[in-house]
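Next up is one chain by itself, shown in structure tokens, the form predicted on its own.
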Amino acid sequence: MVAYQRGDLEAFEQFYVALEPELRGFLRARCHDPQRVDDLLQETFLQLHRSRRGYLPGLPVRPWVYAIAKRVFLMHVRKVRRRESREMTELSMVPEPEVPAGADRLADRSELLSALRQVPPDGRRAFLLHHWRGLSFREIAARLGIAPGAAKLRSSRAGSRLRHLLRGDEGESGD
């Protein structure tokens, strides 16, 4: 670590090779999305690089490294929660639609919001971006960093889940 602090590139490579598998396992145990784990691992090493001068020689390296990895993961969790909270707040600001005659069997606003909260976040996000904001699946894919087919699939699954929840047949998993 001391050699890495001085800018020795080979020392960094050794540091990376020694710690990457452990850190990947540490992050995978907390975040089960392999692509997200890769992102968090990359962010962890970026933060380690930025903080390398703060490491005090003579102290154990692993606790310092794991503290940074944990902080990176917690920042990710907070970011996701803020985004979900913002989306639910935006959803609650949607004006009440005019209800056509004979629609008394449809769910009311509170039932809809409750059901939406039960839809997995990734699917809910794709569903709302498509059906509420009117984005195409190509636009949703670009915004979420996924393939257009994945955006369509997430939205479709969220819609199916929402229909089942609103019908009251929660045990169902598909249409």
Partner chain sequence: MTDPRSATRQRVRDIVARDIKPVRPLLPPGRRVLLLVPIAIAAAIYAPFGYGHRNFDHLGWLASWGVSALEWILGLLILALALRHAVPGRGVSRRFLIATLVGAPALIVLVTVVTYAVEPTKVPPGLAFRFWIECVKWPITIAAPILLVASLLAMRAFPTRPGPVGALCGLAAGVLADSGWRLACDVSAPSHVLGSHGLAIVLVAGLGAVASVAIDAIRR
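As the structure is a prediction and not an experimental result, all values here were calculated from the model. Numbering follows the first chain given and starts at 1.
In what follows, reference is made to the form predicted in complex with the partner chain, a form of this protein that is not presented.
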| property | result |
| --- | --- |
| Residues E13, L46 and R50 all lining the partner chain in the predicted bound form, heavy atom within 4.5 Å | yes |
| Location of the partner chain contact in the predicted bound form, chosen stretch of 110-118, 127-135, 146-154, 58-66 [non-hydrogen atom, 4.5 Å] | 58-66 |
| In the predicted bound form, M75 touching the partner chain (heavy atom, 4.5 Å) | yes |
| Any non-hydrogen atom of D38 within 4.5 angstroms of the partner chain in the predicted bound form | yes |
| Partner contact for R24 in the predicted bound form: the partner chain, 4.5 angstroms, heavy atom | yes |
| Heavy atom of R30 within 4.5 Å of the partner chain in the predicted bound form | no |
| Stretch 1-35: residues contacting the partner chain in the predicted bound form, 4.5 Å heavy atom cut-off | Y4, Q5, R6, G7, D8, L9, F12, E13, Y16, V17, E20, R24, R28 |
